[in-house]
Each structure stands twice: as C-alpha cells, then as structure tokens.
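What follows is one chain in structure tokens, specifically the form predicted alone.
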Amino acid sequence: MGFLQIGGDIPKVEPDIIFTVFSFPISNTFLGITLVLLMVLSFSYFVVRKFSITPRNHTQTVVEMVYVGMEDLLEQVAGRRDVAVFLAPVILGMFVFIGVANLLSLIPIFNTVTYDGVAIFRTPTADFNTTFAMALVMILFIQMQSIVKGGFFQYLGKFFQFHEVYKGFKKSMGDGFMAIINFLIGLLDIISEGARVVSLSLRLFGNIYAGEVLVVILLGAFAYALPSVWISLSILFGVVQAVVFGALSAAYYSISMPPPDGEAAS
C-alpha cells in the first residue's frame, strides 16, 4: 500500500525563519502575508479601479454582490444598519485576507517552493502570531470606536461604576450592595475584553492549523481519495472561518457601542 501513501512532516506550530534583514527575522509566515497582500492589492489596482457606477462586467457584479451580502450579514449580527454600513469595509477586508490566506494553502506550489530545505511560504492564519495580532487589532479598534462614539468617561464607566455605587447607597443600603455587585461585574468585563482576543485568535488558528495537520496525516495514509475530500472541505472551512471571524468582530463591536440617540432617550 506504499504507493497509496505520500510522506510528509507534521507542520510545526512556530514559523520557520527564512533569512534576516538588519537582525530582523523574516519568517515564512511573514512572506505568506506579503504574498496575500500583494495579490489583494494587485486585484484592487488592476480590476477594482476599472469599476464604474453601472456594472459593465461580471467581476464587478460579483464583488458588489459579496459587499452587499456582507452588509446584510453584519446587519443581522449587529441588529443595526448604521453599524453594518460602518463595519462592512473593515470586516470585508479581513474576510478577503483570511479567505485568500486559507485558500492559498490548498495550492500545491504554495508549500513546495523551498529555500535551504524550508518552505518559503506558510499559511498566515496557521501561525498564532498572525491570528493573535489580527484579533488584538480588532479589539483595540472596537475599544477606540467605543471611546469615540460614547466618550472617554462613559467608556470607563462601563468598567468602573463608582458613580452607580454612590447613587445606590444614596437610595438605600440594599441598592448600594447591588451596585457593588454590578461594580465587580464591571471589573470582570475588563477580563472578558482580553478573553475576546484569545477567543478570536485561537478559534481561527486552531481550525486552520488542525486542517494542515490532518491533510498531512491523510496523505500519509491514503494519497488519493480521502485527501481530495478533506481538501474540498478545507475550502469550505477556510471561507466559513473568515465569515465567523468577521461576524464575531461585528457582534463585539455592536455590544461595545452605546445605543442610538433615540433608544438612549427612551
């Protein structure tokens, strides 16, 4: 059964260093990120810049359908149209980056080009450094927007509810102790913000890295039938993970934003 097997090494968790530039290590993950960005920027320059108000080709029609579909999805997740319109460019950009990065790993030449025996490119989302950085930037973006939309003191008031404790004891002793409980819950919210970074990054990294490992294992057992099925599923999983990352980011953004003026007044 050896002819039905293809040997391969289990991918390492950490990226490989290809070379250094002024003592700065350049990893295969970094080169993978660079390749994805160049592909997306090239598409934007050579294709998107030719778009017109009235679609004249199928590519523009498909791109507009994806954009409108993303807005509708974000509106369903966030429950607010203004949030969906504001977030659509940000989330769609992350969706394209994650989707292209995930799908590139399925192209054979992507992992076969080597330098000094090491693959030059690696799937960016299979490196925890990449997914952690993306999740951290997204959460920091949400916190900054929360400050801009609601004000600095209202933002701090979500975590440090000193004024609510004062008002609670001013009403009654029971309300004061309830306000202290809410104050402690507010402190726990600080931890939950950090947990969102870990949750977003680990979910994306775990799925993509596990997919790479399973492909190697399946190729080692059955070189033809099962890997082709798994690769087909990997295409679906790669797109789904991009959608999940964007949807969760939109949900976190919606939760962190103050309610619209009309709702706040009521």
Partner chain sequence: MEGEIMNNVEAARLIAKGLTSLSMFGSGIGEGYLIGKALEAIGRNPDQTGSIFSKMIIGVAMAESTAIYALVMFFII
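Numbering follows the first chain given and starts at 1. A quick note: this is a predicted structure, and the numbers were derived from the prediction, not measured.
Although it is not shown, the form predicted together with the partner chain is what the next lines describe.
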| query | finding |
| --- | --- |
| Partner-proximal stretch of 181-189, 112-120, 99-107, 68-76 relative to the partner chain in the predicted complex, 4.5 angstroms, heavy atom | 68-76 |
| Full three-residue contact with the partner chain in the predicted complex, heavy atom 4.5 Å, for Ser199, Gly206 and Val213 | yes |
| Exercise: Val62 in contact with the partner chain in the predicted complex, heavy atom 4.5 Å | no |
| 4.5 angstroms heavy atom contact with the partner chain in the predicted complex for Ala247 | yes |
| Gln241 within 4.5 Å of the partner chain in the predicted complex, heavy atoms | yes |
